[in-house]
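Next up is one chain by itself, shown in structure tokens, the form predicted alone.
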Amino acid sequence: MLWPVAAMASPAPERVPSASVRVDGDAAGSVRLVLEGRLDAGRAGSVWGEALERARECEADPLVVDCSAIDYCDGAGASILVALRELQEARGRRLEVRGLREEFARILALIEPSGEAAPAPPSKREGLLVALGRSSLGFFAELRSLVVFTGEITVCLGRALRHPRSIRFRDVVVVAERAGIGAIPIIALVGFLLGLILAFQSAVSLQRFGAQIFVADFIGIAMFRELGPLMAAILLTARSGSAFAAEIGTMKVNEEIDALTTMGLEPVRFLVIPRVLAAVLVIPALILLMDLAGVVGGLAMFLTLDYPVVTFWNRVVEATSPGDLLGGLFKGAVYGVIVAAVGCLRGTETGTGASAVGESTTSAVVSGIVLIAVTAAIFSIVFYVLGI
């Protein structure tokens, strides 16, 4: 049986934007080489030879390449510009690239060959004012990079919340498992010892007034409101923040992050967002475990004062409120963002050399603890003003 030709015809494929190159001139007699369309790995090859041929025909010096009409450009497209520059240099002429978008310019900077580094001038002993100024500039540069990175994470998180399918949930689960389950033993041990130490130290002072029963009140308030979230965040920084910096730092040294950027992928969305989400999801459970372990440690000491368990429990319940626990969990969520963000930031700032990853890891831990302490102080002031 013969079917009608119209029935057998397949639907027309969607038209995909193509790449093209043309020579454009103006009334003043200047000549431009115009690149248009989508310069990706599948289409850049079709215009590569034509672009070089048109460049050989142009006698302009410098040769102006207009890139304002490029819709998309990856490493293959940027290679055309590199080839055009090498062609002009071989002819003893210059190349001027105009209208290239910032994200495409970053890709071009990654693959464009750079000259040999000039030898460093001999070091001279700096004066006090010069050293102070250099330190100040370094501090403000670090602050600026932190603000820029925070804004980039905020934008990516907002985009991920609007489009949940873009989140790499498998990576989130893997990171959360490493950061959460692996931290349970150290969190429980530190929480128990912290509660035990606080109970002994407070009992010594309260014994003078015959008020040792208020040890339970002190343990509950201190652990739920401040020490539980603070210690959980510090331990998360020491374990996971340093691991984030080491992982991303190693990828930076191996140029894997540059490879993601060259392929047109966002390193923040692929590497940072899963770690931030994992830290935010894990830290509430770690805080609850820290609070429970601290209360158990305080109870162990409280029993030596010949008070029953029910008395300890009643004092803790009476002295604390659900707001204390929820406030601590809210602090912990903020601490989790700080830990993950600082660790990933230090990883992306990793330099070259054998000691670069170690320096980034150390910097991540130190910066994370300092920022957590500053944030805790801000929270204390705000909560005191609000009467929380």
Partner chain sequence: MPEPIIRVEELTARYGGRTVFDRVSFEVGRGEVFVILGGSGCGKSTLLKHMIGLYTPFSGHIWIDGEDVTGAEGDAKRAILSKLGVMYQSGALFGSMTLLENVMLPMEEFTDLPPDARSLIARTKLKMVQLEGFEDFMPAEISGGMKKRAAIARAMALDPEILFLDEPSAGLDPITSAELDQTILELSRNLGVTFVIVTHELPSIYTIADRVIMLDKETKGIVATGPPAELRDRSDNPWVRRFFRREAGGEAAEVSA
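Positions refer to the first chain, counted from 1. This structure is a prediction, so every number in the text was calculated from the model and none was measured.
What comes next is about the form predicted in complex with the partner chain, which is not displayed.
Heavy atoms of Glu255 reach within 4.5 Å of the partner chain in the predicted complex, making it an interface residue. Residue contact with the partner chain in the predicted complex: Val316 places no heavy atom within 4.5 Å of it. Though the partner is left out of this view, Ala188 does not reach within 4.5 Å of the partner chain in the predicted complex, counting heavy atoms only.
The partner chain is not drawn, but in the predicted complex it has a heavy atom within 4.5 Å of Arg269. Just one of Leu260, Ala176, Val97, Leu292 comes within 4.5 Å of the partner chain in the predicted complex, counting any heavy atom, and that one is Leu260. Of the candidates Leu194, Leu299, Ala203, Met251, Met251 is the one whose heavy atoms come within 4.5 Å of the partner chain in the predicted complex; the others do not.
Listed stretches are 132 to 140, 164 to 172, 148 to 156, 214 to 222; the contact stretch with the partner chain in the predicted complex is 164 to 172, by a heavy atom cutoff of 4.5 Å.
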